[in-house]
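In structure tokens, the next block holds one chain alone, the form predicted alone.
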Amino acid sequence: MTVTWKDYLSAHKGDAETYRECCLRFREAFEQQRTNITRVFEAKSPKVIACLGAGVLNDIPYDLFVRSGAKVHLVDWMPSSIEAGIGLSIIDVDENGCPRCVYCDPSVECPEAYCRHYRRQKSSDTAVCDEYKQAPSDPPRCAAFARGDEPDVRYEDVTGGYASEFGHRVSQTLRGVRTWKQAFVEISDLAQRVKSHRTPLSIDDDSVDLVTSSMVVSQLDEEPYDYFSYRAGELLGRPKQREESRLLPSMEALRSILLANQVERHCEEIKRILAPDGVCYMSFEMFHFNPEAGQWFVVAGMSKALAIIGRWFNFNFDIIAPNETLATFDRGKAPSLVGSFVLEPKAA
């Protein structure tokens, strides 16, 4: 059975337990990202925020955004990820172990817009509404929560449709292909032809004061290429070791094309939705540490990505100073150095 691009995205990452584990295992690792975004938020006081690649909200100070009353767009291409992240992000406990709900905070003007089951508290001693039901989970979650009209949740492609269109066309492009060499030729050609396709995010032009794109660029190197590799492997089988060595230059060239085109379109979309005086917080892994070699190496394609970003945006080093731009990021395998930048759109 042919696995479609949509099936591929949802098959290995789309269940509630996987998202819960992601939140539990990696939320602490993303603390610096939340701190950085908080600093940008406090410096700019945005009224409209768009979080691109929102995922399970590990890197987003979501409670801060809600309490501020800002309009929030949450965008990701992984089905159900954002809903899972919201449910896992709105409840915490106080020093006495009592639950607190972000949406039930008195500072939130219209909690009904965030949760359809909200019922105003009868007692001022509680920090949750009268419908609160503790779910048997960690992190804490309200079993009665039912997402309302806010925030604005969209499952769309943050590369302006480039990655999705490439994924949709992979299977058709591989029809009739008989060798891996032929597959790389055909798919490399596809990667360039897809540049003419555009599906903008459903967010208005010039409407957003703060865009966050935390760790998104690093991920663009994975999904489209891996999907091609998966589909080609289904059709052709795994290449033998000698053939794989010969294919390495083609493999690296295709990865480079895909990454560059996706970053270009990602920047184009960010520039389109940003207000003229808006800013973007962008971060991505720039260096990885190889424990076996005991050395750091530049993540493939990141120098090119930085050059592309520089064509679209000016770098603001007032909010995040140059000496704070690089920070260690560790998800338990091997550490990375993440570059974090505040970007301002260049004049047209």
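Numbers for residues come from their place in the sequence shown, where the first is 1. Quick caveat: nothing in here was measured; it's all calculated off a predicted structure.
Only in words, not in the display: the form predicted in complex with a small molecule, which the text now covers.
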query	finding
4.5 angstroms heavy atom contact with the small molecule in the predicted complex for V216	yes
Touches the small molecule in the predicted complex: N36 (any heavy atom, 4.5 Å)	no
Contact label in the predicted complex: W180 to the small molecule, heavy atom within 4.5 Å	no
is_contact(I257, the small molecule) in the predicted complex, heavy atom dist at most 4.5 Å	no
Stretch in contact in the predicted complex with the small molecule, which is absent here, among 270-278, 225-233, 73-81, 96-104 (heavy atoms within 4.5 Å)	73-81
Contact residue in the predicted complex, from F287, F30, F313, F41 (heavy atom within 4.5 Å of the small molecule)	F30
Interface residue in the predicted complex among L220, L210, I91, C115, criterion: non-hydrogen atom within 4.5 angstroms of the small molecule	L220
